[in-house]
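The chain below stands alone and is given in structure tokens; this is the form predicted on its own.
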């Protein structure tokens, strides 16, 4: 397979609205063009969701993501697990926790299995409010992908799953393997 594959050009937005993908050149390696297209799609969806969360609920995407993690774990999560799940620094999670506790969304408790650890969970009010937001959030996503044929959506989901599995670390970290190869 040639590293300079020719992807089909699909022009549905003008050059000014292409975002990250506008940086791609037809002479760029297919991996570069693929990365910029993935980034552009992700950024477009994220911008819509961020704006709607802010306008409709006065909440940021990081807060929504934090609450979504807790909603999936009714018994709560340790702060270090929450940090790992959100892929952010512990300082960011600590700050968000402080704010969300103050606003009544979450509560903290000492982990009975390890008194040094803190477990955070949604308050009953926080759970009700989050579920209301999450229902609208889901409808926004459904609307964004409406008109994108089921066959294409299913194929894209499958292909991205394969890419995700391909990129998943196996054994020692990728950077360690690269350093040893140098």
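Numbering follows the first chain given and starts at 1. This one's a predicted model, so the numbers in the text were calculated from it and none came from an experiment.
What comes next is about the form predicted in complex with the DNA, which does not appear here.
In the predicted complex, none of the heavy atoms of residue 121 sits within 4.5 Å of a heavy atom of the DNA. The closest non-hydrogen atom of residue 85 lies beyond 4.5 Å of the DNA in the predicted complex. At a distance threshold of 4.5 angstroms between non-hydrogen atoms, residue 78 is in contact with the DNA in the predicted complex. The DNA is not shown here, and in the predicted complex it never comes within 4.5 Å of any heavy atom of residue 73.
This chain is drawn without the DNA; in the predicted complex, the residue among 56, 152, 115, 132 with a heavy atom within 4.5 Å of it is 115. None of 133-141, 58-66, 153-161, 33-41 except one has non-hydrogen atoms within 4.5 angstroms of the DNA in the predicted complex; the exception is 58-66.
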